[in-house]
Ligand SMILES: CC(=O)N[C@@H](CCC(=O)OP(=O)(O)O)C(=O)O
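Here you get one chain, nothing else, as structure tokens; it is the form predicted alone.
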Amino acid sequence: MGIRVAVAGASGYAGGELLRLIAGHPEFDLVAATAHSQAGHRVDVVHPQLTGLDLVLGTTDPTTLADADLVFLALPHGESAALAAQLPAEVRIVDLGADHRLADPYAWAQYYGGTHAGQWTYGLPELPGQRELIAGSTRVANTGCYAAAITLALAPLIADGAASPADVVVVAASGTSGAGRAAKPHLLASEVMGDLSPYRVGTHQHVPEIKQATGATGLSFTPVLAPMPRGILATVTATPARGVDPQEVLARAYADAPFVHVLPEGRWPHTAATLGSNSCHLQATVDVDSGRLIVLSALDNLGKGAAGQAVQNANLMLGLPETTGLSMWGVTP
């Protein structure tokens, strides 16, 4: 018998990816998977890619989940906190929602609304000292998908003093799975294909999380919906604070990070190369005209941006090598 894990919110895209990763994990035993409207359906009916996984989705309640050693919460924002509060203290939890990411109640109210549930250990192992904090925690808040891509690109530059925290500009394109699985007219194939469309310009909810994780004090963020199912490509620019090679700063910061790859000179990140992996690809340069630092960051929003990162955090919490059950290599074409 392995480590008993459960997934709440298993019918969504992130939940389905969690089920796939858990099914292939050498130490995990999936003991429960729950949903709301899809409760009572077989997993392979909701997720045809998981044909052969003999499990029926249960209802999302504490009694269904309390027998697990670790629970993944893949619920809509604002729904994790109430459920987590009803689970036994000894049950470890990784929350893929936003409920426990932010330290500032005002920022929560401004970007999400409602009651602030308090902050948990932030689940980005590549930040300095964070791996050890995650390993010692029973409650971990997974990053947002955009936040993972942007923080990995930006945090080392600000920490090194190479980039000014006051002037950061980001334009990032994301696949449609980042918007969830609910039927929405603007996500219909006929609306998305052949189109790029900005959304939540200047108001995206990941802004305070990115500032909190990177130390940025001024951040302009424009997200763009791209006609692809999954992946994020972020272009992060900042004013240099001193004359350094940003590529060298990133290479030093991630020398021992198995899932962050600073690409050789001349190779630029692209989303397809990270598909199905838990990796983030980075490349940096200096703009020859403006002198601004530029970092390109690519990852799979359902991998390193959600489910893969959640498994990486769970591995650390359970005393396993953080790479267990995860791939650093993408699937292409």
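Just count from 1 along the sequence shown to find any residue number. The structure displayed is predicted, hence computed values, not measured ones.
Keep in mind the form predicted together with this ligand is missing from the figure; the text below concerns it.
Chemist: Would you mind picking out the stretch of 86-94, 236-244, 173-181, 156-164 that comes within 4.5 angstroms of this ligand in the predicted complex, counting non-hydrogen atoms?
Modeler: Checking each option against the 4.5 Å cut-off leaves 173-181.
Chemist: Ok, Arg139, Lys211, His204, His261: which has a heavy atom sitting within 4.5 Å of this ligand in the predicted complex?
Modeler: Comparing distances to this ligand in the predicted complex, the residue within 4.5 Å is His204.
Chemist: Pick from Ala216, Cys145, Leu250, Leu102: which residue has any heavy atom within 4.5 angstroms of this ligand in the predicted complex?
Modeler: Going through each option in turn, the one that passes is Cys145.
Chemist: So, in the predicted complex, is Tyr254 in contact with this ligand at a 4.5 angstroms heavy atom limit?
Modeler: Contact check for Tyr254: no, nothing within 4.5 Å of this ligand in the predicted complex.
Chemist: Could you confirm whether His116 comes within 4.5 Å of this ligand in the predicted complex, counting heavy atoms only?
Modeler: Looking in the predicted complex, residue contacts with this ligand do not include His116, since no heavy atom lies within 4.5 Å.
Chemist: Taking heavy atoms and a 4.5 Å cut-off, does Arg131 contact this ligand in the predicted complex?
Modeler: Arg131 lies outside the contact set for this ligand.
Chemist: Is Val192 close enough to touch this ligand in the predicted complex, meaning at least one heavy atom pair within 4.5 Å?
Modeler: It does not: once this ligand is placed as it appears in the predicted complex, Val192 has no heavy atom within 4.5 Å of it.
Chemist: Judged by heavy atoms and a 4.5 Å cut-off, are His77, Tyr199 and Leu225 together in contact with this ligand in the predicted complex?
Modeler: Contact check passed for all of His77, Tyr199 and Leu225.
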